[in-house]
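In structure tokens, the next block holds one chain alone, the form predicted on its own.
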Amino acid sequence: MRQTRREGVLPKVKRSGWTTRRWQGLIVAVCCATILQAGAARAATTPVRVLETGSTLLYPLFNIWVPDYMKTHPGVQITTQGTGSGTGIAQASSGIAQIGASDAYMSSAQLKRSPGILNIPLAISSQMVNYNLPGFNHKHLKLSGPVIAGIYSGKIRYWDDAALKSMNPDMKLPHKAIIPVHRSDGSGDTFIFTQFLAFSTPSWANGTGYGTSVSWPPVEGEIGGVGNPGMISALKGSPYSLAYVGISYKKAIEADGLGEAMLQNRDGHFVLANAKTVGAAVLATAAKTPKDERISLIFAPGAESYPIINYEYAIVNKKQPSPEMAKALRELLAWSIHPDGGSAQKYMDAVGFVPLPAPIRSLSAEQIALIK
């Protein structure tokens, strides 16, 4: 009896070598596509890793910025290191770090060696001159640039020197040797401190000069410290010492019971670092900021101007290795200077900084846009 095809039943297909190879090829193609899709998905979720290193003065600000920023930008992983401005500049220039934080702008000679590097101000900071003078740490000793230069050059050796007594007639200063403390690492703090000495004291300008590292005149008992924390540690452990410390460490200075000097400004007035005096200095100098934003704000004119203020710089290469990194840096830096972002008063107040004035913020935004 002849068999008939039942409705709905497909005829058997004769298997052949060609059919087997076809199915094998199809399976391989599907597997490859799946692997590629999985790899793309992993790439899409892999965070962009940004290394910020450099200024110990800017380090506390980055440390409060970064956790808040990464909460709203999960695709970026930021690591911060307080290594000193000199290291920050070097590592950003070499490509080791994506952001080199610096209190100092790069010199023309440095830029010639590292073309394509941007110096982008993020905020405005100031620097204190502090001391450990037993019995007087609760008072604001008055000091001038020439007197401080005399101490760091070894020409003024004792706290009761006539130059100090004439500025502080109401204080019975002790006949104790002054111990100058300076940075032993490449430092933007040293850059702005020695600029203040050079701009206020011709003999210092013609001798030691200024820079992130200088050849300090030999003074008996002098101490070198690494970073702002090292300066505070040396100051705290050495009675009758004097040091320069970034304003972002003011709370640490106060907690350790150390003194803060009133500094004589260009107009001859003695002032402390605060929002009013730093703001006055900004108004007197910021308008002169060039397009590349490399400028000194030290020793500004004005009765209320604080004499040691500066831009805090992000040193960044405008040519990045990938579009993803370039985008991550543009967004992070744009956020850092925005009034609703990193320049919000809560961040500035936490470290004693002042936000960029609107015209300077625009200049920084123009530089940020160059990062590709």
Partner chain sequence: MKFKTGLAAIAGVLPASLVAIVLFLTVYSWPAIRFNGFHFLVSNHWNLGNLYADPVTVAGTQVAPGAHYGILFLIVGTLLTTLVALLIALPVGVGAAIFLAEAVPGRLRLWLSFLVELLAAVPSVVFGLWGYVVVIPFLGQHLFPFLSRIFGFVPFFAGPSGSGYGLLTSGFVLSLMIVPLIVATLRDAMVSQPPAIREAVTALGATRFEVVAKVILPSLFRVLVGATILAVGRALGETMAVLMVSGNALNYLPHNIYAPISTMAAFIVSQLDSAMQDPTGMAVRSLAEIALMLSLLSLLINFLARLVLAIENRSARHATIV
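Residue numbers count along the first chain shown, from 1. Quick caveat, the model's predicted, so the values are computed rather than measured. Under this definition, the rigid core comprises the largest set of C-alpha atoms superposing within 1.5 Å between the forms.
This next part talks about the form predicted together with its partner chain, which is not shown.
- In terms of contact with its partner chain in the predicted complex, the residue from 196, 105, 131, 204 that brings a heavy atom within 4.5 Å is 105.
- Screening 239, 75, 135, 301 for any heavy atom within 4.5 Å of its partner chain in the predicted complex leaves a single hit, 239.
- For the three residues 166, 200 and 272, a heavy atom within 4.5 Å of its partner chain turns up in the predicted complex in no case.
- Note on the interface: of 167 to 175, 141 to 149, 223 to 231, 263 to 271, the segment with non-hydrogen atoms within 4.5 angstroms of its partner chain in the predicted complex is 223 to 231.
- Although the partner is absent here, residue 153 is not a contact residue: none of its heavy atoms lies within 4.5 angstroms of its partner chain in the predicted complex.
- Its partner chain is not shown here, and in the predicted complex it never comes within 4.5 Å of any heavy atom of residue 121.
- Using a 4.5 Å cutoff between non-hydrogen atoms, residue 162 does not count as a contact of its partner chain in the predicted complex.
- Interface membership of residue 84, defined by any non-hydrogen atom within 4.5 Å of its partner chain in the predicted complex, is confirmed.
- Relative to the superposed rigid core, residue 308 undergoes a CA displacement smaller than 2 Å between the shown form and the other one.
- Once both forms are fitted on their rigid core, the CA atom of residue 100 lies 2 Å or more apart between the shown form and the other one.
- Relative to the superposed core, residue 137 undergoes a C-alpha shift smaller than 2 Å between the shown form and the other one.
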